[in-house]
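Coming up, as structure tokens: structure 1 and structure 2, two forms of one and the same protein chain.
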Structure 1
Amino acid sequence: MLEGIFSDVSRMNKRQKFYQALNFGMIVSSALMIWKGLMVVTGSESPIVVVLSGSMEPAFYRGDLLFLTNNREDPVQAGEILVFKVKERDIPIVHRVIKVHESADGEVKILTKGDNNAGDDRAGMIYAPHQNWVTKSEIIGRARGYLPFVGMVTILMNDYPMLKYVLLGGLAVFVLLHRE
């Protein structure tokens, strides 16, 4: 199989190799443009996220792909599912709003909880130390839709990094050698 791939590459002239590399670059840049376009349309820094834990079961399961929007003018309401970032944590949290407090000066404080967790996020120590609420500035987005289990590919690639390199390498080889 590898001999066939290398023989295909050796039969290409410089123009064909350049064309294939350019084709690969266009695919990568198109994916980046689509991602940036989704960021602008949804108002979210991350318009698509993968649920990484079982804390939101039965609403969402590990591996579900969530589609987010983040219109900062819309008021946050109890029952909504937020994706937010917490200081000192690399991954965003997907939890449901259980309480919203708005002070006289307009500051909004939000308390969240995973559907499958016994207590709220203060009791579960999800928030950063000395943090009791989520603020609007920490919100990445609100869940507007989902695809079940589509994100398992992402979880597998994070759990097994070698799989990521094999898949990306295979994709690159396919794009570079595909003649049509």
Structure 2
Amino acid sequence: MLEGIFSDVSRMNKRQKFYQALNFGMIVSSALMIWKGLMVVTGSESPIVVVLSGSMEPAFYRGDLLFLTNNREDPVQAGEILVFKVKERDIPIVHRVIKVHESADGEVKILTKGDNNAGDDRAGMIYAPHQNWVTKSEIIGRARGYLPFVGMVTILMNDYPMLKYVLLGGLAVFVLLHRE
């Protein structure tokens, strides 16, 4: 089977080889454009996130997929599920808003807490050192919908990077060498 795939490619002329590369490019481009399109539509820099910890159980479990929107005009209210980024940390945090302070000039200060955590995020050392509140600029979005279990693939690929390379590499090789 392997020789078959390579022999297909070796018999292709320049145009066909270029078309194979373009096919691969178009698959990647389609995924990229759908992602960027979602970013524009939702207003969030990361419209789909995976819940990485169990701090929001029983609402969300590790591996759930969350769909976010980030409407900046819509005021943040207590009880909403917020996804935000903490300075110097890569992974976004998914927690519930428990306190909101809004000043006259529109500046907002938010306190969050994971449903499954004993204390709020200030006490739980989730925020950066000397940070007491979450501000609007740190918000990635608010959860609007979810799909259970679907995000487990992402968690597995993060925990076992080899799996990521093997899967994606294998897919790339298949698309590049497979002839329609």
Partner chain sequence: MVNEEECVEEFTVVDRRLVLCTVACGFSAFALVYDYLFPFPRSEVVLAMCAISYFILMGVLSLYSIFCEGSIFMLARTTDTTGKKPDELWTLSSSLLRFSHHYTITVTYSNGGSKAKNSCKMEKSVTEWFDEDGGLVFDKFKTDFSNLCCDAKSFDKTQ
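Residues are numbered by position in structure 1's sequence, first residue being 1. Everything numeric here is computed off the predicted structure, so don't read it as measured data. Each form is matched to the other, and the largest set of C-alpha atoms that superpose within 1.5 Å is called the rigid core.
Where the criterion is the form predicted together with its partner chain, structure 2 meets it and its counterpart does not. The Cα shift for N158 between structure 1 and structure 2, taken after rigid core superposition, is smaller than 2 angstroms. Core-superposed comparison between structure 1 and structure 2: the Cα of Q16 travels 2 Å or more.
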